[in-house]
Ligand SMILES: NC(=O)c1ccc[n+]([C@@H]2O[C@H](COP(=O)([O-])OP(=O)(O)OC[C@H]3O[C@@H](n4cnc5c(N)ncnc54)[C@H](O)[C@@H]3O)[C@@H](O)[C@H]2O)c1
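As structure tokens, one chain now follows by itself in the form predicted alone.
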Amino acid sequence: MFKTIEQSFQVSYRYKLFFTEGLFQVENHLFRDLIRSYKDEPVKLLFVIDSGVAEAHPSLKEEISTYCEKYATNLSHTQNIIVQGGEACKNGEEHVNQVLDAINDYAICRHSFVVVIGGGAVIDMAGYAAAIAHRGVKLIRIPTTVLSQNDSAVGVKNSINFFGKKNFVGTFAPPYAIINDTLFLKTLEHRDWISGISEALKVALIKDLDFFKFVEKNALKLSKRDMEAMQYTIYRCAEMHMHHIAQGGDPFESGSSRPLDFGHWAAHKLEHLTNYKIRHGEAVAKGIVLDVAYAHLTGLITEQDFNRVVSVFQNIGFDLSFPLDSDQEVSQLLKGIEEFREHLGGKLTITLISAIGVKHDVHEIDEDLMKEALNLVNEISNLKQFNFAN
């Protein structure tokens, strides 16, 4: 005879995204107030800083120390550690262990905070380390790139790459808070400035025609580093991203659909095939246009809508061509379809669009037609830009 005990429970998550400028200027009380809202006594803080950010902002470490000294009744500053920036920090366990060592050395507990300052890769890696230390140390994310401010740091995922596969090892662990500081955007390389706009176009294409029209109309402004246009783009993209997580019904991706990974099956594989020489956002731009081309070839969208999508990416400044030199590399790229399914499990679900602003899931991909779409993208990327913006 067998007996069964069954129990169900719910866990509520809450986190906030703040927008500011000059976070660690002593007259800015946001960070102090955030920590004080958790506990009105000194709270231990371990800062993990992207090496690229440290180089671009050489006074940052001193500013953090000065800020924490000013508000020492609430902020107990333990150490600033510098970790390698870029996707390389996610390849394997080396940098995760660097963060774990610091968490251990400075006795960061579950009532302490890891504060990570950097691009999306560093935030992914440090977030993973925080999530597995003591089964979960509180995390504050301070993203410093367009892509991390509007997309990757806004979500609930943390990860590193393993077995040559993007984000193979990771956790779902919402941060305590995210703070977007526009000062960090001002020192970005141009590639990093435009790279994150691909994620904004991603959510616009699957969710919001009006937002797509805004990016389309302001594409040239965005390419010329217009801060007002960029701030709205980041805000709206982050807003839709967070709304999807909270209201989409599957925040931890237990189902088979990942609409926020539109264009990502090809992007993730292309990053690996190029040894991460192209930025994630650059790969996403290529992946989105490839899937939109495929949607056009299958009759889901019109040629005019396809051309509009190509136009806005090109006007922003994206190179849409795929740097694949052989049939073997094309075959390797197409393996990304099955790896995408495997990563989530269940049946294959690829998000396409049936109109601008309307997502459309498919469960089969015609590889011959996808190769035709790839050829179309490579051909059109060498042609004169379209311009449908009004």
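What you see is a predicted model, and the numbers here were worked out from it, not measured in a lab. The numbering used is simple: start at 1 and walk along the sequence shown.
We do not show the form predicted together with the named molecule, though everything after this point is about it.
Contact with the named molecule in the predicted complex holds for all three of 57, 119 and 147, each having a heavy atom within 4.5 Å. Interface residue among 152, 233, 180, 198 relative to the named molecule in the predicted complex, by the heavy atom within 4.5 Å criterion: 152.
Proximity to the named molecule in the predicted complex, defined as a heavy atom within 4.5 Å, singles out one entry of 216, 87, 208, 305, which is 87. In the predicted complex, the named molecule sits beyond 4.5 Å of every heavy atom of residue 291.
Although the partner is absent here, residue 265 lies well away from the named molecule in the predicted complex, with no heavy atom inside 4.5 Å. Interface membership of residue 166, defined by any non-hydrogen atom within 4.5 Å of the named molecule in the predicted complex, is confirmed. In the predicted complex, the named molecule lies within 4.5 Å of some heavy atom of residue 184. Only one segment in the set 126-134, 103-111, 307-315, 188-196 has residues whose heavy atoms sit within 4.5 Å of the named molecule in the predicted complex; it is 188-196. For the partner-free chain shown, 50, 52, 53, 56, 57 of 46-72 come within 4.5 angstroms of the named molecule in the predicted complex, judged by any non-hydrogen atom.
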